[in-house]
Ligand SMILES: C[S@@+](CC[C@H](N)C(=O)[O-])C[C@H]1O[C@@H](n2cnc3c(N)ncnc32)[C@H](O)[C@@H]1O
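A lone chain, given as structure tokens: the form predicted alone.
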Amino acid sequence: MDKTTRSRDPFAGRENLVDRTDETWRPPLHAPPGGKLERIASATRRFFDVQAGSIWRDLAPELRQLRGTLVDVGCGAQPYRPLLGPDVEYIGIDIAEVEERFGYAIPGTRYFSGETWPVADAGADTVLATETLEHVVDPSRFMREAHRCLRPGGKLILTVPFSARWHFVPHDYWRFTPSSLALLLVENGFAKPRVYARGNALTVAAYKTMALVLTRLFPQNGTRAKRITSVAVGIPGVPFVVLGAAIANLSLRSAGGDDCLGYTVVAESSLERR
């Protein structure tokens, strides 16, 4: 091996991802709960967007039985609000920068700056956080705020992605395991943590196959000619999208696996206030 070969940059031609400020492709934002047509569109999306569909599937039985005050942290478009019954007082909160970073600006949301949530101590019976924790710079501080806002014995329900692309770049910081989730919860005042996988390796494989085709069918960058070519390449893959969605949704009926779309977490606020 000569000196030229040894000194060659092994990363030549590869992007330094620290410099990335945006995604190469972003799915459409979720729409706020609306009328019948919006509900049909939302249900159709959940069939193909298996991440969102798996979350809905897990949250439905939990949210429909709740009573009292629920705080939805990082609520975005509030897509899971329709699952709540009439006996729930809903409070949606989000960071002041949410429109700039994530594209959401929903009337009725309490927007806040800093790390302290606009919720009174022990002011909530339930705290909900769907696909939010990975965007939080300090997850431990987030957990302490959730514990502060919950009444003793209150419930924390959250979901996090696992097999998921880097999204809302650069504001996507973490991927959690069941071990790290349990550690975060117990260290910050929560008891009886339960962590459930959403899907298995088959779900992930089907979902990733669908993503390959969908990014070709709905290109977001490049010249007009490149976008037309992308769509033409993607059209033959449409049957694989439908088949992949069917397989992925069926696989969600399993007990879950070590490789999964993400995790759904339920825990109780301990009696000790922090």
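Numbers follow the displayed sequence, beginning with 1. Because the structure is predicted, anything quoted here is derived from the model rather than measured.
The discussion below concerns the form predicted together with this ligand, not included here.
This ligand in the model of the complex is approached by E115, whose closest heavy atom lies within 4.5 angstroms of it. Among residues of the shown chain, V73 is one whose heavy atoms approach this ligand to within 4.5 Å in the model of the complex. Although the partner is absent here, H30 sits close enough that one of its heavy atoms falls within 4.5 Å of this ligand in the model of the complex. Within this chain, F162 is remote from the site of this ligand in the model of the complex, having no heavy atom within 4.5 Å. Listed residues V204, V195, V119, V136 were compared with this ligand in the model of the complex; V136 is the one with a heavy atom within 4.5 Å.
Scanning L84, I157, V98, L184 against this ligand in the model of the complex with a 4.5 Å heavy atom cut-off leaves one residue, V98. Heavy atoms within 4.5 Å of this ligand in the model of the complex map, among the stretches 148-156, 119-127, 90-98, 184-192, onto 90-98 alone. Contacts between stretch 140-155 and this ligand, counted in the model of the complex as any heavy atom lying within 4.5 Å, involve F142 alone.
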